[in-house]
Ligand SMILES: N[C@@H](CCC(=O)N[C@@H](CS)C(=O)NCC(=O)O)C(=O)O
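The chain that follows stands alone, in the form predicted on its own, written as structure tokens.
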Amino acid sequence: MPLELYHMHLSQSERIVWLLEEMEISYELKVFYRDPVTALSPDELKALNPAGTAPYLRDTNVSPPVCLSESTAIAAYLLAVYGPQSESEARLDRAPGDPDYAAYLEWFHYANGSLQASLFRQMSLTLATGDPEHAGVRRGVARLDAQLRFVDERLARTGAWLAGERLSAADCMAVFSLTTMRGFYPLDLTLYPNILRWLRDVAGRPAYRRALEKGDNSMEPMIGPTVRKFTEFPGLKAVLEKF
């Protein structure tokens, strides 16, 4: 199969699995699992991708094959090369001239540029200190709250999706930070009703359900105000149990 996606279980590469399912294009999914103790990338994935991360895409429709890391780059490539070829077809990106074009660009890049980066910093600091009440951790929580309110207010304004009334790749890019990532960094979304509504809408999409079935062992969508912690990894258990 010409398109190959390398996905790691319980990782941000779920974004690309969902995107491909929404696009309804053929691809071969290769699933890898985290180290059972540390939860880090397995050696098998590091051997395939020089960056040692997922997602990783190989497109052998072209010669030489295209090989890409970075979820935003992969999403942009798939949308440009394999997306609808006419404006009359439904598309998951937005083109210049579309009234939602600027909003789409902002939210497509916001997921990795701001939201995921902030969550990862918080997770790293919490794991390093081992103390959710550490002063630095608490300052980061305040900054993260501001970002979550920003997302919640945006979804309140649209009443639908991040880029407007129609689903877009911006939603695919944001989903991991607000779902599966919370298993690594517990985050209570009770104060963000519009994010919770959006998560229910995401979970209601057949393509998202297929993505979890294929890439994450039919895992139940992690869409509640609080979600399970990934305490099955011994390297994380002691810290996660403090939350």
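The shown structure was predicted, so the numbers you read here are calculated from the model rather than taken from an experiment. Start at 1 and count along the sequence shown; that's the residue number.
One more form of this protein exists, namely the form predicted in complex with the named molecule; it is left out here, but the text below deals with it.
Student: Only one of 30, 214, 58, 34 comes within 4.5 Å of the named molecule in the model of the complex by heavy atoms, so just point that one out.
Tutor: Only one listed residue qualifies here, and that residue is 34.
Student: Do residue 48 and the named molecule come within 4.5 Å of each other in the model of the complex, heavy atoms counted?
Tutor: Because no heavy atom of residue 48 falls inside 4.5 Å of the named molecule in the model of the complex, the answer is no.
Student: Using the partner position in the model of the complex, report whether residue 5 sits within 4.5 Å of the named molecule, counting heavy atoms only.
Tutor: Although the named molecule is absent here, residue 5 would stay clear of it in the model of the complex, with no heavy atoms inside 4.5 Å.
Student: Hey, in the model of the complex, is residue 185 touching the named molecule, heavy atoms inside 4.5 Å?
Tutor: Heavy-atom contact with the named molecule at 4.5 Å: absent for residue 185.
Student: With the cut-off set at 4.5 Å between non-hydrogen atoms, does residue 40 touch the named molecule in the model of the complex?
Tutor: Taking the distances in the model of the complex, the answer for residue 40 is yes, it comes within 4.5 Å of the named molecule.
Student: Among 64 to 72, 204 to 212, 186 to 194, 22 to 30, which stretch has residues whose heavy atoms lie within 4.5 Å of the named molecule in the model of the complex?
Tutor: Comparing against the named molecule in the model of the complex, the contact stretch is 64 to 72.
Student: Any residue of 90 to 124 with a heavy atom within 4.5 Å of the named molecule in the model of the complex counts; write them all down in order.
Tutor: Only 112 sits within 4.5 Å of the partner.
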